[in-house]
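Coming up is one lone chain in C-alpha cells, specifically the form predicted on its own.
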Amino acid sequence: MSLEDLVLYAVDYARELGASYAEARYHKNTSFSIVSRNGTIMGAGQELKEGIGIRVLVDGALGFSATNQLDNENVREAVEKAYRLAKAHARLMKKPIEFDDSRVGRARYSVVEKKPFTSMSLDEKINVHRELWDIVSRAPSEAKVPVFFLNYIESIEEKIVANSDGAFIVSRIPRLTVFYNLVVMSPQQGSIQRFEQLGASGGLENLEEWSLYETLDNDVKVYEKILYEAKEPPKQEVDVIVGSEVVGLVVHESCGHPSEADRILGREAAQAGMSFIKPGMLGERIGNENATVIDDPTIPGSYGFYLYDDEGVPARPRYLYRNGIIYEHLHNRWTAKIYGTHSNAASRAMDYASEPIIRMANTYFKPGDYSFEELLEDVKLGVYIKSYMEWNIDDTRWSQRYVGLEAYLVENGELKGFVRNPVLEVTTKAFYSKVDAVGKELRFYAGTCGKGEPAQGVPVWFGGPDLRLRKIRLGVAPK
C-alpha cells in the first residue's frame, strides 16, 4: 500500500469506527546539519522523523495518536487509540468540540530549489565553517572573538494530509537554516553577544543571497566600534527609529502570539502564556492608523511558507491589526466555529507525532512610503535602534522590553555615532499608538517559534520596515 493509500485508509477506518471527523497526516522531516565552534567541526549528522499522525472527533471530543510504523496494522492500531482517547474524553467535555465548514483543498505543490543541497560537496560545506571563523577572528583590530558557534542545517518537510471533509494535500518544502552565536570581547570594555538565525525555503541559493562572508566581517567590526566608542542614550524623551529587525520581533510577540485564538480562549494559559486580547475585542483600537500587521504563509521563499494548513484549508494573508484596529485572529477550524467565522489556515504541526495547533507563519508590519532618510530628516534628537541583543515580554504580551545592540544617536537628521545598550520599554498599545512614520523597505528575519505542550518549534519569518516613534524615554542596560 502506498503512503497516500495508507493515509486514506486511516481516514476511512476512523469513520467506520464512528468518528464524525477524521484526519490523517503523513509527515516526514529529514535534516542534515554541521556544527562548529571557532572553526572546529564539533559534529555532523542526519536526522529522520517519519510517521502518520491521526486525529478524530468523537462525541464532541478530539483524540490524537501517531505511529512511525508505516503499515496497515500499526496505522489501524493508531486509529483505534485515537478513537478510544476521544471516546474517553467525551464524558468530560463541558462543551462539545465542533469544526467550522471551511472549504478544504485538493492539491499537490512543492518548493523547487534553484540550487539543490547536493550541488555543494560536504568538504565545501565544512570549509564554509572554517572560512567564516577565519573572517570573524581576523575582523577586530583590538577586541577578540572568543566564541563563534555556527550551525548549518538543510531540511526537507514532506506531507500528505487527508481528512473526511475531502481534503487531500501533498507537499514538499526544503529549507536552509543557519544559526550563529558570536561574542566580541574586550577586557576593558566588556562584551557584546549576537545570536542570529537565517532561514528560508528553497536551496543553497539562499546561502549566496545572505552574503555571510561580507556581512559577518562588517558586523564584527561594527560591534568592536560599539564596545570602544558607544555612549549612553539621552535621558530625556526622544524620537526613536526602530529598525526592521526589532519591529519584526515586536509584531511577532505583541501581535502574532496574542492573536492566536486558542491562546485567547485560554488553551495556552498553562503552556505558553495568555493574551491581553479577550473574546469580544475584535474591532477595538490597539494603535493608530499607521499600524497594520499581517501574517501571510504564502510569501514565496519564506521560512514559514505553506499553501494549505494541516486541516487542508487554503492559506491566505491574515490581517491581525488593520489601521490600528484588532481585525482578525489566527484560527483553526475549532476556534473558527466558536467565533462564528471560517478558519484562516493557521493549523500546523511540527512533526508527525505532534497535534496540529494554531501557529504563525510570516508576520510583518505593513510598509509605508518613507525612505530611511525621510525618517531621519526631521528628528532633532533621537536614537536609531537597528538590532537587538536581548528582549522579554510578559505572559499576556502587553509589557515588553528590548535592549538595542547596534544603535546610533540621531542629531538634526543625521547619524552621529554609536549608542550603547539603549532599552525600549513599552506596552503593546503604546508601541502601536506612537508610530509616527513607516518606512517602505520590508525586511524579514527567521525564527523557530515555540508553543504547545509538549513543545513544538516551527519555522517562521517576522519582519517589517523601519518605524519612527515620537516622544520615547529610553532606558539603559548595564554593560
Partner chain sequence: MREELLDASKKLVEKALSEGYDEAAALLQQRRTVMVKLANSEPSVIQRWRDLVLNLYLVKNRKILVISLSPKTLSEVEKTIKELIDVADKLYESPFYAPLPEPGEPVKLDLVDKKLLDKIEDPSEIVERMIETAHREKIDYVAGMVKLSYNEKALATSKDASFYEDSTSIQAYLRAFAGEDGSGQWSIGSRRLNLEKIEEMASIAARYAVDSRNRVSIEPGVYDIILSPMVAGNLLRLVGMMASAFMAFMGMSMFMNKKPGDKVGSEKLTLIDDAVNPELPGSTGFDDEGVATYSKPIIEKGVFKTMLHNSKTAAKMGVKSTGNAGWISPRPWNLVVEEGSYSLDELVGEVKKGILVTNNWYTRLQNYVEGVFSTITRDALFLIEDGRIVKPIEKIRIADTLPRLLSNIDALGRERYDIWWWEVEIPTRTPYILVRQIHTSKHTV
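Residue numbers count along the first chain shown, from 1. Everything numeric in this text was worked out from a predicted model, so none of it was measured.
From this point on, the text means the form predicted in complex with its partner chain, which you will not see here.
Residues placing heavy atoms within 4.5 Å of its partner chain in the model of the complex fall in a single listed stretch, namely 384 to 392, out of 161 to 169, 280 to 288, 384 to 392, 102 to 110. Within 4.5 Å of any heavy atom of its partner chain in the model of the complex lies no heavy atom of M360. Shown alone here, E268 lies within 4.5 Å of its partner chain in the model of the complex, counting heavy atoms only.
Contact check for E425: a heavy atom falls within 4.5 Å of its partner chain in the model of the complex. The closest non-hydrogen atom of F418 lies beyond 4.5 Å of its partner chain in the model of the complex. The partner is absent here, but in the model of the complex a heavy atom of G404, alone among P258, G248, G312, G404, sits within 4.5 Å of its partner chain.
Proximity to its partner chain in the model of the complex, taken as a non-hydrogen atom within 4.5 angstroms, holds for one residue of M274, M120, L307, I135, which is M274. Contacts of stretch 84 to 107 with its partner chain in the model of the complex, defined by any heavy atom lying within 4.5 Å, are made by L85, A86, A88, H89, R91, L92, M93, K94, K95, I97, listed in sequence order.
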